[in-house]
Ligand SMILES: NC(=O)c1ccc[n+]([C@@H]2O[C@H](COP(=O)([O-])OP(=O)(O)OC[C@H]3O[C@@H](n4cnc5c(N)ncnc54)[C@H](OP(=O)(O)O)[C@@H]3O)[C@@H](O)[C@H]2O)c1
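Shown here is one chain on its own, the form predicted on its own, set out as structure tokens.
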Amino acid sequence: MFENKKIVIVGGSSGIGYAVAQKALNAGAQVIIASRSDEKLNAAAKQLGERVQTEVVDASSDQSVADFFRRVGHFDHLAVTIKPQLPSGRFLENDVGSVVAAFDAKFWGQYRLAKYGAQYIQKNGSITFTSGIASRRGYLGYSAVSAMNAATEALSKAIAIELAPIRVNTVCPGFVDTEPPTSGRAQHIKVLSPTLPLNRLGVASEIADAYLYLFANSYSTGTVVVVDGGAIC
């Protein structure tokens, strides 16, 4: 499906980004994974195989992002799956500096990558951001996360108009388990969201399918694809 397509995944060394890279490689794409950590990239590349390329980029730096895209050159699809340390304290208790730092990484990082990457995207190419279901409903302790996810979705819709025919979409994951699973995480999520129709957390490979769908579907733009196991039903 993606033979002769070049796909760039920032945040591709772990989690959802790694799963996207794995599926894109299996579908025949040329894949570049990028993150701030050369160590994590090398570990991921050993697992993904010799066909994957790696690049170090700091999405909080305009210069680093601009230099990154100059090295990469023209490509077809960009996926951003950055996941910084997210504040999970109550609104009145959160340290403002920590919230600002997380917002800088998750929202402004995606903003920078789209801004500097757009000029290198081939005709009929796409950008896919990552938000999360805290954009859709409130969860105790998730006020900062709600704000940055909602901002990401709003940005995606706005620049889908400005950047057309480049397509811009967002994947909105629900509660996803870690790999390997984190002890107690499922119980914690059940407290936050007692109605999970599928009665389990998602896994990264299930979320990754949504990115490949958005890469391939040439008529999807300005779209938010929610993959949450029914958590916001």
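Start at 1 and count along the sequence shown; that's the residue number. The model shown is predicted, which means the values in this text are computed figures rather than measured ones.
The same protein has a further form, the form predicted together with the named molecule, not shown here; the description that follows concerns it.
Relative to the named molecule in the model of the complex, residues 57, 81 and 176 are all within 4.5 Å by at least one heavy atom. Residues with any non-hydrogen atom within 4.5 angstroms of the named molecule in the model of the complex fall in just one of 90-98, 127-135, 153-161, 69-77: 127-135. Interface residue among 26, 37, 63, 199, judged by heavy atoms within 4.5 Å of the named molecule in the model of the complex: 37. Though the partner is left out of this view, residue 10 does reach within 4.5 Å of the named molecule in the model of the complex, counting heavy atoms only. Although the partner is absent here, residue 16 lies within 4.5 Å of the named molecule in the model of the complex, judged by heavy atoms. The shortest heavy atom separation between residue 105 and the named molecule in the model of the complex is within 4.5 Å. In the model of the complex, no heavy atom of residue 114 sits within 4.5 Å of the named molecule.
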